[in-house]
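Just one chain is shown here, as structure tokens, and it is the form predicted on its own.
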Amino acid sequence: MVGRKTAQIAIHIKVQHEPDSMSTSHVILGDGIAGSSAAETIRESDADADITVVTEEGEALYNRILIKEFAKGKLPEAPVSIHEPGWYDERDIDLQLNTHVTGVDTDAKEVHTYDSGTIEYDKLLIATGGTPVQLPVENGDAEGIHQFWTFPDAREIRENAADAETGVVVGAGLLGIDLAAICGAQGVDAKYLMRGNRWWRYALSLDGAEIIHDALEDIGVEPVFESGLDHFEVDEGGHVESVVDSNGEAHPADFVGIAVGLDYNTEFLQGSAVEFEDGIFTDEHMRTNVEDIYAAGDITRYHDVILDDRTQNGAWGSAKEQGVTAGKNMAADEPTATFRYVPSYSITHFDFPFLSFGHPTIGDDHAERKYSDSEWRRLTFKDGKLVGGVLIGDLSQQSTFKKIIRQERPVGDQTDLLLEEDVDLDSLAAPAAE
């Protein structure tokens, strides 16, 4: 991942080869699923294109969805890796690992790196993702405190959690619950600090969240509500030994997981013409405001043609589709592809399934129903149209709800039908004209 502040820089970097004067030079910053999908798409569209993928990480693309299962001790390393270096060689893609980008000159069309010189481009894709937010609290850099984003993070977490007896997780969101599940799977007696009265309070009501709370307790993780982080206490060796919360209570912990958001890796764009603020602005074709520069993945604040508004999403499937869209448009003279996609995110840590779809944290209205102790549904609406939701226990209607979102149906006044266990599309108002 380009721009990761803590990454180590390798001494040996493959020398950038000279592109064919007749071929288009595509440079991709980031080898996550967005960058890799773009590279593959460009190669499929243009056999002669010169493609360079630059990443600050030390290994090729791996599955960020599966690293949580690896950290839980449920998977060996092998299934987590997606692309070996040979994958890039077979497609004549120049993969440059351990390469730190320091700047982009949009006038000269150059990417500047820390120790491997300048890389020229005709078209540039920025897919550099983010870096976990570092909390500025006392002893925040102590040993035993982990943030969960990369495969190296997962390796350290797995090793530490396996030896830990007590733990604390901070961050009541989708990444935080992964850390809580890791504690449960590794037998760590853990507390889960939440600032509000429930987990993921921006998307779940208390009725839905209570299902998650009970499931956490079943795996040995205790939710602690209305409680944030104040500081850490460490032993003489500099290892964390307790977490002091915002109420002054100390929780013993020799393992700590922190997941409180991302800082997007845009520092190398300072002084450039690319427009960004908490992410890079793009249109529906993944184009930035600068000609021949694109962006994809969770770093983008893209124009969502369904919402007709700017939004951001970090789901794996969304990043992949954005990479494909960017790749198609980079390989063409004019935009040929539009990103029109309904994202989803699933959690598989418990005995019941969990899935969010669309944009469940936005909207001006909602409807929900609890069907059993482990089945619950919440739908969110904006201007009368379905824009997102959360399903717990029964995921059978997810395709129907995604279809309703794509069709932009005016269904906000038909919540009784939408909350039926089986939704009949034919009984709803007709979709808006395409």
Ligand SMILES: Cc1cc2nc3c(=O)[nH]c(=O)nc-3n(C[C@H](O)[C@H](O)[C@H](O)COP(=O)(O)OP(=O)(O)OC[C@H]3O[C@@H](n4cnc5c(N)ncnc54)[C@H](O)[C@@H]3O)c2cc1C
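From a predicted model like this one, the values you see are computed outputs, not experimental measurements. We number the residues from 1 along the sequence you see.
This protein has a second form, the form predicted in complex with this ligand, left out of what is shown; the following refers to that one.
Inset, instruction - Identify, from the list Phe276, Tyr121, Phe350, Tyr345, the residue with a heavy atom within 4.5 Å of this ligand in the predicted complex. - result: The residue in contact is Tyr345.
Inset, instruction - Scan Leu175, Val234, Leu355, Leu307 and let me know which has any heavy atom within 4.5 Å of this ligand in the predicted complex. - result: Partner contact (heavy atom, 4.5 Å) among the options: Leu175.
Legend entry - Triplet Ala203, His366 and Gly388 all within 4.5 Å of this ligand in the predicted complex via a heavy atom: Negative, none of the three is within 4.5 Å.
Legend entry - Options 217 to 225, 79 to 87, 280 to 288, 315 to 323; stretch whose heavy atom lies within 4.5 Å of this ligand in the predicted complex: One stretch meets the cut-off, namely 315 to 323.
Inset, instruction - Give a yes/no on whether Gly129 approaches this ligand to within 4.5 Å in the predicted complex, heavy atoms considered. - result: The answer is yes: Gly129 has a heavy atom within 4.5 Å of this ligand.
Legend entry - Partner contact for His26 in the predicted complex: this ligand, 4.5 angstroms, heavy atom: No - in the predicted complex, heavy atoms of His26 and this ligand never come within 4.5 Å of each other.
Legend entry - Any non-hydrogen atom of Leu395 within 4.5 angstroms of this ligand in the predicted complex: Although this ligand is absent here, Leu395 would stay clear of it in the predicted complex, with no heavy atoms inside 4.5 Å.
Inset, instruction - May I ask you to state whether Ala34 is within 4.5 Å of this ligand in the predicted complex, using heavy atom distances? - result: Taking the distances in the predicted complex, the answer for Ala34 is yes, it comes within 4.5 Å of this ligand.
Legend entry - Sequence-ordered residues of 47 to 86 touching this ligand in the predicted complex, heavy atom within 4.5 Å: Residues within 4.5 Å: Val54, Thr55, Glu56, Glu57, Arg64, Ile65, Ile67, Lys68.
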